[in-house]
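Just the one chain here, the form predicted alone, laid out as structure tokens.
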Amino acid sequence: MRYVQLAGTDIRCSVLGFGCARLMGRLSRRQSLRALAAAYEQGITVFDTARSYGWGESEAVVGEFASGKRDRLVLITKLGILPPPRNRLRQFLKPLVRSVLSLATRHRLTTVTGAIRAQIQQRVSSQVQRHYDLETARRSLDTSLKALRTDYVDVLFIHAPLYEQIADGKLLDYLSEVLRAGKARAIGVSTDIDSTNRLLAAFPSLQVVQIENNLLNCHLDALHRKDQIGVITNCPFGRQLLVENLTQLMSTAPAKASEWSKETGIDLCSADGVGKLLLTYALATNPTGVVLCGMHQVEHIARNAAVASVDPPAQTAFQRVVRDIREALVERTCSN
């Protein structure tokens, strides 16, 4: 595993981070702990969670995993989005839904898994509670620290705010207080690229940002102050839709797929190769930062860690191929 020091901080960490959004939601406690342990064994030290993840239970399982090795981990959490209220029926149904999703995935019933996930996403979205007031922020951080079994986090983010929601600076002032009190080593925002840039311009105290960045949505190109702050990117696989579109492109254009494979040294005719290309791109475009992946299968964690363990490819040739693939994807999307 390669390691970097996040710009503007004293935080040294792995270039590949473990996204904890699925823990205690799609994954059971046992599955969550197994995935966390597998990531740690591969040299991953960054674990990114939030108050809202796993219906409010992700932080607790991360805290359980971190016990006894806190000083070797970089724990990230977020405030601003609260989990939905506890619901006994939901707690009862979660294991059943996990089993159905697992069965459908095993038998490659993509229509079924897609429909179930869409229903879950719609349900979650309808219950999202966004609160950016100071009192809620204080309670949220206290709850997070208790769940994580620690007295500090390495990075504390404001979760998905629009610029207008925190433009008065009160919440940013509170984060600065948290920093001075030693409850966080660095502070920042995790939101869309437009709000990120406006907030960076207005608040020099921000040290770290988290934004989406992948082969199609290359938001890192538009990020301001990128050489002065710690940069964490997410969604390298485009929430699986990008993987599916790229796989279809390779199957319908085998000659080009073969040519691109030779130029990149990655077998793009295989599903594993497509994933490797996307993660390689994400790592190459953020060489001094961290790329977060949502992963839970041991073999996938090992595969992604292997990609993150080698130096990024030479920019010129690799980026030329990426541009060709991006243009082909856009053209294919437009023609459909």
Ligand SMILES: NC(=O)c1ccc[n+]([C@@H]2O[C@H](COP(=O)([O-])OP(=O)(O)OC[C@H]3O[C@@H](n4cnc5c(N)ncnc54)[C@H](OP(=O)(O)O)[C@@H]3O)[C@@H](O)[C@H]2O)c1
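A residue's number is simply how far along the shown sequence it sits, counting from 1. What you see is a predicted model; the values in this text were computed from it and never measured.
A second form of this protein, the form predicted in complex with the named molecule, is not displayed here; the remarks below concern that form.
A.B. asks: Counting only heavy atoms and a 4.5 Å cutoff, which of 257 to 265, 172 to 180, 237 to 245, 221 to 229 contacts the named molecule in the predicted bound form?
C.D. replies: Going through the listed ranges, the match is 237 to 245.
A.B. asks: Taking the shortest heavy atom distance, is Thr285 within 4.5 Å of the named molecule in the predicted bound form?
C.D. replies: Because no heavy atom of Thr285 falls inside 4.5 Å of the named molecule in the predicted bound form, the answer is no.
A.B. asks: Would Tyr281 show up as a contact with the named molecule in the predicted bound form if we use heavy atoms at 4.5 Å?
C.D. replies: No - in the predicted bound form, heavy atoms of Tyr281 and the named molecule never come within 4.5 Å of each other.
A.B. asks: Evaluate Ser309 for contact with the named molecule in the predicted bound form, applying a 4.5 angstroms cut-off between non-hydrogen atoms, and reply yes or no.
C.D. replies: Ser309 lies outside the contact set for the named molecule.
A.B. asks: Report yes if any heavy atom of Thr196 sits within 4.5 Å of a heavy atom of the named molecule in the predicted bound form; otherwise report no.
C.D. replies: Because no heavy atom of Thr196 falls inside 4.5 Å of the named molecule in the predicted bound form, the answer is no.
A.B. asks: Have a look at Val61, Leu36, Leu292, Ile44 for me and say which one sits with a heavy atom within 4.5 Å of the named molecule in the predicted bound form.
C.D. replies: Contact residue from the list: Leu292.
A.B. asks: What residues of 41 to 69, in sequence order, lie within 4.5 Å of the named molecule in the predicted bound form by heavy atom?
C.D. replies: Those in contact are Asp48, Tyr53.
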